[in-house]
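Next up is one chain by itself, shown in C-alpha cells, the form predicted alone.
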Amino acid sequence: MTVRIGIIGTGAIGRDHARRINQVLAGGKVVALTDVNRESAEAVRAAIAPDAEIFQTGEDLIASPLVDAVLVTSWGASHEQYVLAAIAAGKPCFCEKPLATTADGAKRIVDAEVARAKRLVQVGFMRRYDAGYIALKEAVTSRTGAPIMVHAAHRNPTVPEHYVTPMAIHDTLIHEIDVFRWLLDDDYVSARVIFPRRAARSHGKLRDPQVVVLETAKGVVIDVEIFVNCHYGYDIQCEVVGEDGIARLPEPMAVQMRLNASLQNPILTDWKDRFIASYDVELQDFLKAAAQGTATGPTSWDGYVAAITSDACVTAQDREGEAVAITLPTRPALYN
C-alpha cells in the first residue's frame, strides 16, 4: 500500500520531509501540500511533488479524501490545531516538535487520542532513531549496570540574535529531555539551572552557556551543558555512568588524519548533517505504521511530558540554582 501523505508547512523541514517521502523512502507519496505562504507550497510541488494538490488551509487538507496521513511541519504554535484535526479525522499524524507550545495544549492532544482509544500521533523526536543512541541504549540496558549519573552536552556553533534564554530549553534541550527518558526508561522529578559567566559570543537577551540538572524518579542525576555559541562546531555528547561501567555516545563517523604535526578529525557544524540518517528512519517507521492506520514511535504522551519538563526548566531558569518539582499525571493505558 502506498500511503497518500499531506504536508502542512513547506518550510525547510517540510520540504526536506517531502523529498524523503518522494525520493528516498518506500511506501509513501506526497499528494497534498499547504502553507501560509502559497508560493512555498508551489515551489515544493514544482521541485518534488508535481502531482500534489495545494490546499488553502491545513484543515481542508486533513479533511480531503485524497489524504491518508498527515505531516505537521508548520510553525510550532499551529501544531496543536492540526494534530487535533487529524485525530478527529482518524488519520495518522506525524508532528514535528513541539507537539504543542504549552503543556495544556499537549494534554488536549493526549485526551483526544485517548478518547479515540487508538495511537494516531508520532512526535518527531528523531534521536531515538539515531544509530549511536540505539547502540548506547543497548549498552546501558544490558552492559554497564543500573544508571547512576548522566553527563551530557548540547553545543551549537552560533545562534541568531532572536534566540533568547528560554529557547535553550524549548528549542535545544527538548531533544535531550525526550531521549534521556527513553534511554533510561525513567521520568523526571526535578530540574535546576545553573548559569556560569556569560560567554563572550552571547548577546544581551541570552544567558549562555547554562547547565541543567535533572533528577529522575529512580534517583539518576543528569547534568546537561547547553552552550549554543561554542563557536567550534555542532557537538552532542552523552556519557552514562552505571554500576558496572560507563557508556558513551559514539562520535559521528569521520576520517582521522595525521596532518601538519597534529592528530585531527573534522567536527560537524550543522545539526542536519549530524542526524540526517535518523530522519529517514523515523519517517519510514511512520509510513509503515500509517499503512496500518495507526502510529508508532514517540507518542503524544512523550510530547506532553517533554512540555511539562520544559516548562519546569524555564521556571528553574528564573529561580537560578533552586530545584523545581516536576509532577506528572498518571500515564494513560494507551501509552503503556
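The shown structure was predicted, so the numbers you read here are calculated from the model rather than taken from an experiment. When you see a residue number, it is the position in the sequence shown, counting from 1.
The following text describes the form predicted in complex with another copy of the chain, which does not appear among the structures shown.
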property	result
Among the candidates Ala89, Ile148, Ala77, Val164, the residue which, in the predicted bound form, approaches another copy of the chain to within 4.5 Å (heavy atoms)	Ile148
Contact stretch among 165-173, 237-245, 120-128, 79-87 - heavy atom within 4.5 Å of another copy of the chain in the predicted bound form	237-245
Another copy of the chain in the predicted bound form reached by all of Val24, Gly132 and Val211, non-hydrogen atom within 4.5 Å	yes
Another copy of the chain contact at Arg116 in the predicted bound form, heavy atom, 4.5 Å	no
In the predicted bound form, Asn265 touching another copy of the chain (heavy atom, 4.5 Å)	yes
4.5 Å heavy atom contact, Glu96 to another copy of the chain in the predicted bound form	no
Exercise: Leu136 in contact with another copy of the chain in the predicted bound form, heavy atom 4.5 Å	yes
In the predicted bound form, residues of 101-119 near another copy of the chain [heavy atom within 4.5 Å]	none
